[in-house]
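Read the single chain below, which is given as structure tokens and is the form predicted alone.
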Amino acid sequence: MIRHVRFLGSPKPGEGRIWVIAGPFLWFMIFFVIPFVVVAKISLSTAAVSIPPYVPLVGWGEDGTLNIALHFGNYHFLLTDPEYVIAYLSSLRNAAVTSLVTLLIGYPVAYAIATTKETLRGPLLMLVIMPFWTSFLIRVYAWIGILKPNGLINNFLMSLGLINHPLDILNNQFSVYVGMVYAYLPFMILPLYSCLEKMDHSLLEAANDLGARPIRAFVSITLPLSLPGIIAGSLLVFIPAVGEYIIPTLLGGADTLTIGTVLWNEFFGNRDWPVASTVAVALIVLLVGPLMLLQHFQSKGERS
């Protein structure tokens, strides 16, 4: 007869798994759920001249009764005011264009790094992540010096005689796209490289032996196998790009309207925390909803 002996202090069966799951769960609760609940609570309030600048949702009446006041007028205001609708659409457009351009630029770069010699992959990846070694704000200010009328690009083109007058490439939508593509390009390259580097390149050799042209082999083999990297890179670029504030403010000029600028103006300019919180909650719902649907369809496809 065999008896299972458990030494003093040894974990129970399944106890280690609980602690492994508890770590990410606590992180998610502390840094997402609790702040989201606080912001959602403020969005259901109204602005007031006080500290903090909003009316508490829960209060006590003079007769000792508990009063709970929920105001949904901020959400109605958000849907009916055209300024906020334009800000959401502008932010979604900026994020979509940035994701597409970074994919078109990042895919060849990632493929070239993944197919080069192993001794060169490390230095090439270091070049990709090297911009992260400097301040994000300094890098954005550097683009102002490059794109301004007497900046590097205009001076170079005028010295070659290609243009007679400086190009208007700063404080407009073009400069916003340039700054955002530059800032988020590494977030597209790294997931694509991780996916392409693991790909079995013997499949391409087999396709070549069977007479498939390089373009057809790419469409039939490489592109489908790299689809997880494309999805991961697109999400890593799209999600932070929607709420980007620094680049549109510094490179887009005063007329640029995005969710980031609206949040800043409502929080620090108008000091209307309930409306600003409503904008933030709507943005989170706008981003989390498609992600949950994408995760649902991916898991459904894996089961099938």
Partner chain sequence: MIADEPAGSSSANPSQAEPNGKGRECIPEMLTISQDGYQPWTDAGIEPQLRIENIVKSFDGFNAVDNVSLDIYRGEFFSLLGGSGCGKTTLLRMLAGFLTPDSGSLSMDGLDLVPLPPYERPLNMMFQSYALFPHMTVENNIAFGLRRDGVPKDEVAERVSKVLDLVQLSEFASRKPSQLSGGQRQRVALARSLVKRPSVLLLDEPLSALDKKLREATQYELVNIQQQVGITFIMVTHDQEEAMTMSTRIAVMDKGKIVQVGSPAEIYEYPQNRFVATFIGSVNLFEGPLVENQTDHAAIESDEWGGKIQVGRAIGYSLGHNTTLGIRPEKVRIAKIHDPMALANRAVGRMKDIAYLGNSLVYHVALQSGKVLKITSPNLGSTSDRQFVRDEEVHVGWAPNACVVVEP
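Numbering follows the first chain given and starts at 1. Predicted model only: the values in this text are computed from it and were never measured.
Unshown form predicted in complex with the partner chain; subsequent notes refer to it.
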Subject >> Stretch in contact in the model of the complex with the partner chain, which is absent here, among 95-103, 208-216, 129-137, 182-190 (heavy atoms within 4.5 Å) >> reply: 208-216
**OP:** Please pick, from 89, 203, 169, 125, the one residue with any non-hydrogen atom lying within 4.5 angstroms of the partner chain in the model of the complex.
**Re:** 203
Subject >> Contact assignment for the partner chain in the model of the complex, among 152, 142, 163, 225, heavy atom within 4.5 Å >> reply: 225
Original post:
Given that the partner is absent here, does residue 220 sit within 4.5 Å of the partner chain in the model of the complex, heavy atoms only?
Top reply: yes
